[in-house]
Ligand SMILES: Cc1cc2nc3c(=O)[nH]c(=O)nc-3n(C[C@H](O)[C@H](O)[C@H](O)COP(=O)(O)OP(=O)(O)OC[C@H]3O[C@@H](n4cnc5c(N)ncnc54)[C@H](O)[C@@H]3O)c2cc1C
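One chain is shown next in structure tokens, namely the form predicted on its own.
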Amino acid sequence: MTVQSAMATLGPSRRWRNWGRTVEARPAAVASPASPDEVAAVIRTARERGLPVKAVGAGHSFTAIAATDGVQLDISAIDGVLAVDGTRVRLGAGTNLYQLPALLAPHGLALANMGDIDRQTIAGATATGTHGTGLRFGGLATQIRAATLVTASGDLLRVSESENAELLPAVRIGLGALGILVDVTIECVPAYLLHAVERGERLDAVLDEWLDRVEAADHFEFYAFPHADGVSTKTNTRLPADAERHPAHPVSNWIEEVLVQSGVIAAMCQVSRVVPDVLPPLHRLATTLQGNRDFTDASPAVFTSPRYTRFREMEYALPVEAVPDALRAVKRMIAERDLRIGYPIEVRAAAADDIWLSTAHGRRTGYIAVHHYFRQDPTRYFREVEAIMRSFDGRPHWGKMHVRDAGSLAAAYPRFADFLAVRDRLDPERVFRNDYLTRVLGV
């Protein structure tokens, strides 16, 4: 592939916005490579022109991690299953998570764990530390066994347990700072079902039992309403693939996931923009509408839910034991500051891991995520929540809103300097730079 032919894929500048409408950029050029060789050629050409290069996937990060004024590299054409070896599946980096059930089903495989949104690409999800819930399960990046990236020199670099293995703890969550991922090899598991039990409960009771609940369940999470004492809990138990399925009834599923989870929340957000004081009674009403239901289905159908209303999000990772006190502090702050917050607060947990920039590095982790309607300014709410999270030794999710910089983040990650050393080795000229990486990693 020549540079000239690669340049044929460069398109003119156009405005780009992320899903949450928190970031807007106008790259100098757009490239849509269909192969690793084309990616390499575009990188070489961009370097010759003095332009930075940033890969973009589904745009589901709320930070500016994918924004650029240089060359925006759309990797969506590099997708699909490239190879299968037992439970290890090599995927094109542009493969969206929602594609995986159909791609993995013929091989009788599934992801070991998933988050609740499946729009992201596999590269974007792993590079930013996307995770699900379950104290015995790590984030998506912990499932990576190998990866291929195109470096700043335009060379293909294979990183695995046997090739350049010293780079694997950095590459698994690389923030797009080390190169352009073109494929990842994921350790999958035999396909399985999940038995989901969803219940409306009281917040104090759930927080009092928090550690017991997350330690006992395969997967446990809950949503707390900022202006009510009720919460919606979800407990998932893993079952073999040949267990009996009892999928959620289509009507009840529509009522719960579309009408209640999306429609009611969207309506509350719209109304609260005009009449903010309506939120507390609406939240109390919403807790009474939370469905009590049991169903059993294939794991992706249970893990993920549609998102019909745009929002903005900040999520912090804390030592798992700190979650009850931290959430109580957030609830007190909302009441004391007399804030009006439409969206519930999401609480999850994950296993410790050894990935250098993982929010779960070295400790069992609880996650507290706060959301705000995308047409409302989240600054005050998120600023106050972030102060609380920092007081509990919190680490921000790399793909969700925060204001931390390299100085404060270095103290939060024991291997931060090691990651920077790998960045210096693979991208000394900062071909993959942007303002976000400069802020969180330094020059």
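Just so we're clear, the structure is a prediction, and the values are computed from it rather than from any experiment. Sequential numbering from 1, following the sequence displayed.
Missing here is the form predicted in complex with this ligand; even so, the following discussion is about that form.
Contact stretch among 82 to 90, 319 to 327, 294 to 302, 171 to 179 - heavy atom within 4.5 Å of this ligand in the model of the complex: Of the options given, it is 171 to 179.
Thinking of Glu384, Met389 and Arg404 as one candidate spot, does this ligand come within 4.5 Å of a heavy atom in every one of them in the model of the complex? No residue of the spot touches this ligand in the model of the complex.
Have a look at Pro101, Gly115, Gly138, Gly230 for me and say which one sits with a heavy atom within 4.5 Å of this ligand in the model of the complex. Looking at Pro101, Gly115, Gly138, Gly230 one by one, just Gly115 meets the 4.5 Å heavy-atom criterion.
In the model of the complex, the residue from Ala40, Ala29, Val56, Ala46 that sits within 4.5 Å of this ligand by heavy atoms: Among Ala40, Ala29, Val56, Ala46, a heavy atom within 4.5 Å of this ligand in the model of the complex occurs only for Val56.
Does any part of Lys400 reach within 4.5 Å of this ligand in the model of the complex? Heavy atoms only, please. Taking the distances in the model of the complex, the answer for Lys400 is yes, it comes within 4.5 Å of this ligand.
Is there a heavy atom of Ala123 lying 4.5 Å or less from a heavy atom of this ligand in the model of the complex? Ala123: yes, in contact with this ligand in the model of the complex.
Decide whether Phe311 counts as a contact residue for this ligand in the model of the complex under a heavy atom distance cut-off of 4.5 Å. Looking in the model of the complex, residue contacts with this ligand include Phe311, since a heavy atom lies within 4.5 Å.
May I ask you to state whether Arg395 is within 4.5 Å of this ligand in the model of the complex, using heavy atom distances? The answer is no: Arg395 has no heavy atom within 4.5 Å of this ligand.
Any residue of 222 to 236 that, in the model of the complex, places a heavy atom within 4.5 Å of this ligand: Counting only heavy atoms within 4.5 Å of this ligand in the model of the complex, no residue of 222 to 236 makes contact.
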